[in-house]
Each structure stands twice: as C-alpha cells, then as structure tokens.
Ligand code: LLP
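Shown below, as structure tokens, is a lone chain in the form predicted alone; questions about how it binds or moves come after it.
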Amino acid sequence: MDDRFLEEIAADSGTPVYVYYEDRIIRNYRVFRDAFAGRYPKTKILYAYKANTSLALCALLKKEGAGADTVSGGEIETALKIGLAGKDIIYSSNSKTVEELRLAVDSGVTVNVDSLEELEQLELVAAKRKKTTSISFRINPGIDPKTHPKIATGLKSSKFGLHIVGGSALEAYRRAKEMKHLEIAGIHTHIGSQITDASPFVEAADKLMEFAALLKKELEMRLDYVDLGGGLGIPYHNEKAVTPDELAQAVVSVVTEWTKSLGYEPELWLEPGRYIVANAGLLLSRVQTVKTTPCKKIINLDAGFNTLIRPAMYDAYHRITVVGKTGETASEKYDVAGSVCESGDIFAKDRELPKTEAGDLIVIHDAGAYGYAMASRYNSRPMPPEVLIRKNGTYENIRERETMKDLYRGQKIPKDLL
C-alpha cells in the first residue's frame, strides 16, 4: 500500500492507529493450512486468539475455516460471538476459574485440562450441569523451544501442563477414563512462541505421538486428535525462520510414521497465531518532537509501550520506516522513544533512519500480533482504533478510538470525597 494511503488513514483515524491488511491475513492462513492439509488431510486449524482478538479478524479467519484456540472466558465469548460452534473451540489455561469452566461446559467447548486438580473441578462442574464435556490434556514434554524465556512454555520448569516423566500425564488419563461426565478426545502440547527452528516441533511431535502409543497400550485408548499447538515465528529482523511448508514436511513425517504403530489416524490440530496476523498489521504513530541530547538524537512518538509492549517486555525488534521517506538513504541514528513516562519505553535504539522531523508519520511493522491484544490504558491513555484495509483497496474502522469517557467508565468517587 502506498504512503499516501497510510497518511489518509492517519488523517481520518488519528494516531496512534493499528492497521491490518485483509489479503495478507488470508494469504498467511492459506499458506499455513495448505502446507499441513496437503500432507495430512485430517488437519484442523484453530487460530490462537491471544495473538489478536479483534472481532473482524476473528470473523475473517472463521470465514476461511479456522476454529479458535482460546485461553480465557473472554476469548471463548469472542469465538461464540462470531458464530463458532463449541466443537470448533478449545480452551487452554493453566488457571481456569469455575465460571470459565461453566461457560466452556455449557457451550460445548473442548477443555484442555492442565492439572489433576483441575480435572476434578471440571468433573464436578460438568456433573452439576448434567452435561458431558469433551477434554484433552496439555502435556509438558520438557523441551527447550529455543525462544525467549518468557514465551517458552514447554520447558520442564514451565507452569504449563502435565509431565510425562513421573507419570502424572498417564495418571490424568487413567482418572479421566473413569469419570462419568468427561469424554477424552485428544492430547495437546504447546512448547512456546516465536520459534524459528523446526527441531523443537519435531521433538514435541515425537514425544506426543509416543505418549499416544502408550495410552493405547496401557489404557486401550484411541484419541480423536493430536494437537501440537502453535508457536511458529516470523522473521522480525531478517532472521532465518522455518516456513510452514518446511515445518509441515518435518512434523507430518513424524506423525505419519507413528500412526503405523498406533493403527489409526487421529486428526492433527494446530494453533497458529503470530504467523497468521503479525506481518499483516502495523502501528502508525506521529512524531511529536525530535530531541538532540549530548549523547544522541531521540524521536518522540505519540505511541508507547501501552500500544506495543513487545520491545520493552521482550527486547523485541520491529522494523521502523518513515512514511514518504522510504526511498531515502538512512542518514541519521536515532532512539525511537514512546510516550509512556518510563525509561524503558523505547521502540528502537541507535536505529538508522532518514532525517526525521516533527509531524512525520512512523510505521512500526509486524505489529498485528500482540499489539492491541497486549495494549493497556497505562498513563491514562485511551486505547487506539483499528483499521482494516480490505482486499478491494478500501479501508474501514473495525474498532473506534476510545474516549476519556471510556477511561472513566465504571469508576466511582465516594460522596465524602467530592
């Protein structure tokens, strides 16, 4: 999309503003889906809502055939709101509330159980609702996914899942088999996020399929599906990242080999999130001032880590360009700073950019995943709007900018303080 179009969006919606490309989301989804389904026809894709829960994007992916991987009651409600059936929703969390379990049971959602105690809680909830609930168990395979420690979820020290080593995973299936209101459907793992190497996925698939074979041997249990979770990364900084095709080739060969000894073919479930939406979204922000200090030059934006927390939280790299100056040679080094009143609110350090001035429009790329989803009202700043650029070249607001009235909604001042 040309720079004039981005300037038009910024003029219409103000800044900061999130912008998404419909055609890129569709292309990313189809590339991922076809890579696996072309090799293993019994494949089911569940979009990971935690990456971006904007209703319009979730509805777009539902139209493409995606189910929902949810991690909260709110995400379950979002999936139901856009018309997904319970059978196409899985609910995973290490700490589910009783209210969330009730919602999942009442809605026919598959519950991905994380602990033995949660298993007992779920059976009690289902019994009280007089319903039978489909379940799987999240397995902790004890694998290093070679990613940032804060998003590595398959390590043996992680808070997630039941361990194969020590027997808690097998015991969980044994207990669940005896419960009257739970129906075992599958097995699940999710080893982390922003993984750019196929080998951790291959190791996880091998361990999960080996455990599926153990379930058949020990409990005479056949699973409807094996869920390998998500976590496929993208090249934020031109780093080498495994493609969906390369990943599917490596993983499906493991799954297929194990089905020979299993004697049956379970469905293969996958939960991509970042790969689908990250590079389909960007954050537009306006330069407020450019400050020269004895040490450096600093670009001050009207966005901050309240709108994109990844650089502050994960030391993440995001490409940054200046609208209208993309063809110019990078001639200056800048720190690109956010508007939050904290020293850690820096989008980039010593970044080479064309000469930048107050009023310039900045593009922070690859912000479609974990941008709005992790945004906040920190520093009493209302949430930005979201805009979707349609396939036909038009665009429309898919979320309005919040106002100060939204910021104060639900708050009350005791009468004696007025």
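Owing to the predicted nature of the structure, the values given are computational and were not obtained by experimental measurement. Numbering starts at 1 and runs along the sequence shown.
Another form exists, predicted in complex with the named molecule; not displayed. Remarks below refer to it.
- Of the candidate stretches 308-316, 247-255, 164-172, 125-133, only 308-316 has residues whose heavy atoms lie within 4.5 Å of the named molecule in the predicted bound form.
- Under a 4.5 angstroms non-hydrogen atom cutoff, the named molecule in the predicted bound form has R274 among its neighbouring residues.
- At a distance threshold of 4.5 angstroms between non-hydrogen atoms, S193 is in contact with the named molecule in the predicted bound form.
- Using a 4.5 Å cutoff between non-hydrogen atoms, K96 does not count as a contact of the named molecule in the predicted bound form.
- Put simply, G230 is close to the named molecule in the predicted bound form: some heavy atom of it is within 4.5 Å.
- With contact defined as any non-hydrogen atom lying within 4.5 angstroms of the named molecule in the predicted bound form, the contacting residues in 46-82 are A48, K50, D69, given in sequence order.
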